[in-house]
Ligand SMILES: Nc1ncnc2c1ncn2[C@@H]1O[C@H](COP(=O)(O)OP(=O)(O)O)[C@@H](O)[C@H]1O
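We begin with a single chain expressed as structure tokens, specifically the form predicted alone.
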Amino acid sequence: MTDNDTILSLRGIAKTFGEKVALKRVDLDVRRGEVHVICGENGAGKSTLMNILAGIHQPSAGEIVLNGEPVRIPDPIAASAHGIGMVHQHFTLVPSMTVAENLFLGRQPRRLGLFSDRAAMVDRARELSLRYNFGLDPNAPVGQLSVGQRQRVEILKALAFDAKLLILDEPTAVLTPPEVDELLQVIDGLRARGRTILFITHKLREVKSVSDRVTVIRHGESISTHRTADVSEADIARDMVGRDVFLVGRKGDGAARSFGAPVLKLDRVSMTNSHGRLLLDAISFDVRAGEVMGIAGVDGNGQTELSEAIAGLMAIQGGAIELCGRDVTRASVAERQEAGLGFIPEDRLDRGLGVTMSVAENVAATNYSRAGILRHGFVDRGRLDAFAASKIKEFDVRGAQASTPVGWLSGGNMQKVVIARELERDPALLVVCQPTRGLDIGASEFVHERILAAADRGHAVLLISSELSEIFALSDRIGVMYSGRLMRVLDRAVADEATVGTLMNGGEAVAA
């Protein structure tokens, strides 16, 4: 490698926030025109490092060298002037505005130096979309776009101002599997046009699919940099976690496994929205004690409505739901919990946690009586803290104390708090939705172990996931949803990805 090949060098980058050390020491060289993946567990410091490059944070120590010259990046405007563009994990778009308006928000083309030139803005947006083959209508309101299309608008915002170095921070966290594949194709196209891309992820398939080189960060330090072709997924995972990682799966022959009586029964469950559109179309299935029933499907095909109908968060208009032999069709959430329901929602922030509340308050929310936290009807603070401390240790909730606001934790550790709370109640039925979305490989391994351990103890588990690898690894049977319908239920022993994929797209595949 020559000096001319290097667009960015970081030397000894460190960052502290008060007493918290986010980055200890990171060294990194990025070559012009490559896709360079930065990976590591949640909380390893990946986003902090990228925010330093984007001018959002200032390093506490170290040097940034860009195009051979030491630079200081005091703010995002300076980053843009240096040719650095960042696409954040959470979108920063205005839904009510059009694609073109979002692309040039605050920097609209002007006529005579005074008036906003809308025609020029739309033409420029159209030209950019065509150049990068993004297929975006510049006049379309962003609120009407799919999540994958919004991701492209975010990328185009950076490219509109000639970003040479593009930072993508966990860009696939909210995308469906088909949208992930489309994004990886977009990245290939950008690389072919000479853009340099820093891609932040912890998903090993994406690392191997898209990158030229990979740097692993662990506990705020750069651990290794390799040519991606020279390392295996297992090698990368070992560097990320600091040990060998073994992703668990159902062991033995599922067909020979013995299950108990049905714990959950759905009989022709139907749901419509306020406009009369059918969201669930006569869904019928059961889940038996000791069984993991997986529900596969592309997001938006009724899985969320199914889980929330079972949990009592959304009302159904037809059919019946039975839990542990009890009709709970019209029961409240609390009554379903009493009947044996545990629920891990797909949106842990909105549905699963009180983010301003402490870890102790969250993990104890439905367990005050069971965990012996109450004394004479009042919360005993000592018992509450002791209970929380035991769960923090048992579930390895990193960076947490009983009093820590749960919103301060990484996504993986938030998920562990939800799981700890729900499993503490020893539910007969555990409904688990998108359990590892946004989680790194170490946290995913932990979550999978807990799901399978619950089934091994005789709990019925309904697993809803858009990750086919997760469905196949954990399930005894697989149901496939499309457009609110349950297309088919397959035994895992005879199911294959081609069959399930066809059903996910509305096709009528024939099981092996």
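The first residue of the shown sequence is 1; numbering continues from there. What you see is a predicted model, and the numbers here were worked out from it, not measured in a lab.
Quick note: we don't show the form predicted in complex with this ligand, though the next part is all about it.
Participant: Just to confirm the contact call: exactly one of 62-70, 454-462, 473-481, 42-50 touches this ligand in the predicted complex at a 4.5 Å heavy atom cutoff, so which is it?
Facilitator: In the other structure, the partner sits against 42-50.
Participant: So in the predicted complex, is this ligand close enough to Ala22 to count as touching (4.5 Å, heavy atoms)?
Facilitator: Yes - in the predicted complex, heavy atoms of Ala22 and this ligand come within 4.5 Å of each other.
Participant: May I ask you to list the residues of 187-202 that have any heavy atom within 4.5 angstroms of this ligand in the predicted complex, in sequence order?
Facilitator: Contacting residues: none.
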